[in-house]
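First comes one chain, alone, set out as structure tokens in the form predicted on its own.
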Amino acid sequence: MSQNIVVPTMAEMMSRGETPEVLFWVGCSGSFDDRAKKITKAFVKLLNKANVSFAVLGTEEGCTGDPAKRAGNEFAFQMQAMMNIQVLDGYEVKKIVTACPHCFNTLKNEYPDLGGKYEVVHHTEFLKSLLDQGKLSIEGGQFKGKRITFHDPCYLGRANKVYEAPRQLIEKLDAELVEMKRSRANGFCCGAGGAQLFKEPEHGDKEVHVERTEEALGTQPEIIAAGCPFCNTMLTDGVKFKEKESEVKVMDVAELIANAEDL
């Protein structure tokens, strides 16, 4: 990581007697996937710029258990969740922000049943709140006037009804937001949800991510915006499949904001 990125761990902050305002839950993709790491860095840059007091768990963070649960292994999910809850409660975590809708949905809606009760927000909601509080300003920069279409991640949109925050952030870039035919509550899956990312596609006429990419490309966008690392992977693969990678970029909303000002 470059020198201007500061990422304290909960252990470091606790040793100094400090309590962060929010815990940034990085997630497996944001930690290990080379493409998703760029989203993590972009979001951290924005947190630093807004002077947000935050920390990560670092090596103490485990998978939320979402893929195990979606694939039908409830036992593995609960084992994973209980370990994470023990760590979170040990640090007396109250508020969590994450750039992964799968982590967001699991921490927000499924951990309470196991005793893990936290305020959980998606990174687009958090960035919108920073904007509303005047802690962050967004300039159009290089994205001014660009045609951008936003793909609603299933676990952000239909599962948790978060539709406005990412769109409002894109509009703040002075970009032209163009909607796909299937969007918001009628959005269409990228093909990775429900642990599908980790298995080979089933037989059919067309892969789901290709279908969704075709819908996105139908809006003639210069950028396909996403708010999920899984969606980012699937749409990037779809753009490559359609041989459009030189014309259309797939970017997370946090990357758009961070790159607009070249932080």
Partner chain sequence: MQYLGQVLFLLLLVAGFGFFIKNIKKLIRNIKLGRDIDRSDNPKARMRNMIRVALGQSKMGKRPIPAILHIFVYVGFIIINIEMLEIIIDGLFGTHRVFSFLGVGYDFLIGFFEVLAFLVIFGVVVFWIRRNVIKLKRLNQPEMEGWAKRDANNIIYIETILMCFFLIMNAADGYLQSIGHGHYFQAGSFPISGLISPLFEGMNPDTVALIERFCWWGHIIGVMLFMNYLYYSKHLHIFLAFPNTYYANLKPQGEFNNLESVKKEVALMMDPNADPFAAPAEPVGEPEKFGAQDVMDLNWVQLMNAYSCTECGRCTSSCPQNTTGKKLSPRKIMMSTRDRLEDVSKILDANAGQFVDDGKTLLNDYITPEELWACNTCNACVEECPIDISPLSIIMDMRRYLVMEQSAAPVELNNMMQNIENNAAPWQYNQMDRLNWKDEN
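Numbering follows the first chain given and starts at 1. Please read these numbers as outputs of a predicted model, since none were measured by experiment.
One more form of this protein should be noted, the form predicted in complex with the partner chain, which is absent from this view; the next part is about it.
J.: Which of these residues, N73, Q142, S129, Q168, gets a heavy atom within 4.5 Å of the partner chain in the predicted complex?
T.: Selected option: N73.
J.: In the predicted complex, do V178, I223 and A260 all reach within 4.5 Å of the partner chain through at least one heavy atom apiece?
T.: The answer is no; none of V178, I223 and A260 reaches the partner chain.
J.: Heavy atoms, 4.5 Å, the partner chain in the predicted complex: which of 143-151, 129-137, 89-97, 102-110 makes the cut? Say which one.
T.: Within 4.5 Å of the partner lies stretch 102-110.
J.: Considering only heavy atoms, tell me if F188 and the partner chain come within 4.5 Å of each other in the predicted complex.
T.: The answer is yes: F188 has a heavy atom within 4.5 Å of the partner chain.
J.: Does the partner chain get within 4.5 angstroms of any non-hydrogen atom of T19 in the predicted complex?
T.: No, T19 is distant from the partner.
J.: G193 versus the partner chain, in the predicted complex: is there a non-hydrogen atom within 4.5 Å?
T.: Yes, G193 lies within 4.5 Å of the partner chain in the predicted complex.
J.: Although the partner chain is absent from this view, report whether L235 comes within 4.5 Å of it in the predicted complex, heavy atoms only.
T.: The answer is no: L235 has no heavy atom within 4.5 Å of the partner chain.
J.: Is any part of 154-187 within 4.5 angstroms of the partner chain in the predicted complex by a non-hydrogen atom, and which residues would that be?
T.: In sequence order, C154, Y155, R158, A159, N160, K161, A185, N186 come within 4.5 Å of the partner.
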